[in-house]
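As a starting point, one isolated chain is supplied in structure tokens, in the form predicted on its own.
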């Protein structure tokens, strides 16, 4: 796949995982791509926890289901009905989980480039996640970002030290296919915003005529 095909073909996968194995060489290539991401001050503040154990994944899934239930209770009738149709995770269906963490102490106290933007390290972790996602897509793997969790629960489940944040649980594995339209669009949750509405020229709100 070409770069632009990978970017536009990437999907947040939930229901399409097959559970087939991921080769060790493929996983290493994907992780190397993630580890090659740019980072503020070359701090590389990420770590990757590979989770294969079914018991651990089952415990996490139960926690996620409870968080889903709580979110559903906060929605009004119409929105709740739409949300009910949306699958939010493939924790057990995926071959493995990759938990990406952020260590704000990596390279501290003088992290070059973080002097005025405290979140620059967190942005760096997100770049690593994007690299992982695109590399996985190019390898024919699906990735699903699970965000319905409390950080403290996941840190305790995986023995993540105090001060290190679990940023993402990524479900990773071979898929039967990738949908052409993102799930949230297909199920009517939201529609993609046109590029021209996101581009400003010179000052906020200035559009080309």
Ligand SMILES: Cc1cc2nc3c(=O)[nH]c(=O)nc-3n(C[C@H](O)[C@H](O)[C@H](O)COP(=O)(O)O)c2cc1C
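Worth saying up front: this structure is predicted, and the values here are computed from it rather than measured. Residue numbers count along the first chain shown, from 1.
The next section is about a form of this same protein that is not shown, the form predicted in complex with the named molecule.
*Asks:* Non-hydrogen atoms within 4.5 angstroms of the named molecule in the model of the complex: do 10, 133 and 147 all have one?
*Replies:* Yes, each of 10, 133 and 147 comes within 4.5 Å of the named molecule in the model of the complex.
*Asks:* Just to confirm the contact call: exactly one of 41-49, 177-185, 23-31, 158-166 touches the named molecule in the model of the complex at a 4.5 Å heavy atom cutoff, so which is it?
*Replies:* Result for this chain: 177-185.
*Asks:* At 4.5 Å between heavy atoms, is residue 127 in contact with the named molecule in the model of the complex?
*Replies:* Outside the cut-off, so no.
*Asks:* Is residue 79 close enough to touch the named molecule in the model of the complex, meaning at least one heavy atom pair within 4.5 Å?
*Replies:* Looking in the model of the complex, residue contacts with the named molecule do not include residue 79, since no heavy atom lies within 4.5 Å.
*Asks:* Since only the chain is shown here, I'm wondering whether residue 100 would be in contact with the named molecule in the model of the complex (any heavy atom pair within 4.5 Å).
*Replies:* No, residue 100 stays farther than 4.5 Å from the named molecule in the model of the complex.
*Asks:* I'd like to know if residue 85 sits close to the named molecule in the model of the complex, meaning any non-hydrogen atom pair within 4.5 angstroms.
*Replies:* Flag for residue 85 set to no.
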